[in-house]
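The chain that follows stands alone, in the form predicted alone, written as structure tokens.
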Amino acid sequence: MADFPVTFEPAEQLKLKASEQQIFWWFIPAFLDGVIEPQDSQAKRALLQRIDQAFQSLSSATQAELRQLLELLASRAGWLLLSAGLTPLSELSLQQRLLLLEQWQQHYLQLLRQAYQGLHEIIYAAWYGDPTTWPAISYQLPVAAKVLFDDQ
């Protein structure tokens, strides 16, 4: 990750590698635009921890696919290929990251649509899986499901 300026310190207690955490670090504010501000390190660290937990619950095959994507995004060649030569991820503005994600989401290449979908699903699963985020979206857990959370 030498291509990325060091403004990010990986959490050592997480199972995700530092380079994998860094990819999520830069994409979290884009996927959760308006919810988590790019400068809100505390919120991004909390979500990174939940992403790590969500990652651990994936099947080994899905973990391998996601790791492959994250390694591709972390490598200079992979980033150049997937971003069409854009500047490093850490140097992109939020608007540029949003535009890149929009392009991936609608791209004719399935690989880029899958990249978007993979990142989107795990970030959103981590966000919506956290009960502390539910009041912000006026979500209330169904009564039948409360038993699952009361036992914890």
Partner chain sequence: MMISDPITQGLASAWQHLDGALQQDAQHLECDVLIVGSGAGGGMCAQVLAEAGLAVILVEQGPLKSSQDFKLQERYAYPDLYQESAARKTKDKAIRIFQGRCVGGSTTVNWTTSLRTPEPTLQHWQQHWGLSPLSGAALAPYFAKAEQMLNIQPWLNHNPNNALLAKGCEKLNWSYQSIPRNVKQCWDLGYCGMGCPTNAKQSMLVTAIPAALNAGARILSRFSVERLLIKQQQLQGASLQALDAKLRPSGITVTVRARQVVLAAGAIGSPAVLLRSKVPDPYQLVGKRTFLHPSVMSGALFTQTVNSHQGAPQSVYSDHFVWQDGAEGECGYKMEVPPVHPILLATTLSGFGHFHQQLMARYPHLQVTIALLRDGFHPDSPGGTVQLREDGSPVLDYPLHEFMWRGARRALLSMAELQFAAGARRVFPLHEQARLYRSWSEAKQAIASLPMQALATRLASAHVMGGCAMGGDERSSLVDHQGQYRWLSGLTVIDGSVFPTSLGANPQLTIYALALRNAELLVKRLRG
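Residue numbers count along the first chain shown, from 1. In this text, rigid core is short for the largest set of C-alphas that superpose within 1.5 Å between two forms. As the structure is a computational prediction, the values presented were derived from the model and not from experiment.
This protein has a second form, the form predicted together with the partner chain, left out of what is shown; the following refers to that one.
*Asks:* Checking a candidate spot here: are Leu14, Ala18 and Ala74 all in contact with the partner chain in the predicted bound form (at least one heavy atom each within 4.5 Å)?
*Replies:* Negative, none of the three is within 4.5 Å.
*Asks:* Among the candidate residues Ala30, Leu89, Leu70, Leu48, which is the single one with a non-hydrogen atom no more than 4.5 Å from the partner chain in the predicted bound form?
*Replies:* It is Ala30 that has a heavy atom within 4.5 Å of the partner.
*Asks:* Ala43 versus the partner chain, in the predicted bound form: is there a non-hydrogen atom within 4.5 Å?
*Replies:* Contact with the partner chain, no.
*Asks:* Please tell me whether any heavy atom belonging to Trp26 falls inside 4.5 Å of a heavy atom of the partner chain, as the geometry stands in the predicted bound form.
*Replies:* No - in the predicted bound form, heavy atoms of Trp26 and the partner chain never come within 4.5 Å of each other.
*Asks:* Under a 4.5 Å heavy atom criterion, is Gln39 part of the interface with the partner chain in the predicted bound form?
*Replies:* No, Gln39 stays farther than 4.5 Å from the partner chain in the predicted bound form.
*Asks:* Evaluate Pro10 for contact with the partner chain in the predicted bound form, applying a 4.5 angstroms cut-off between non-hydrogen atoms, and reply yes or no.
*Replies:* Close contact is absent here: in the predicted bound form, Pro10 is far from the partner chain, nothing within 4.5 Å, heavy atoms only.
*Asks:* Would you mind checking 90 to 114 for residues with a heavy atom within 4.5 Å of the partner chain in the predicted bound form?
*Replies:* Going through 90 to 114 in order - heavy atoms within 4.5 Å of the partner chain in the predicted bound form - the hits are Leu98, Leu101, Glu102, Gln105, Gln106, Gln110, Arg113, Gln114.
*Asks:* Cα of Pro135 displaced 2 Å or more between the shown form and the other one, core superposed?
*Replies:* Shift of 2 Å or more: no.
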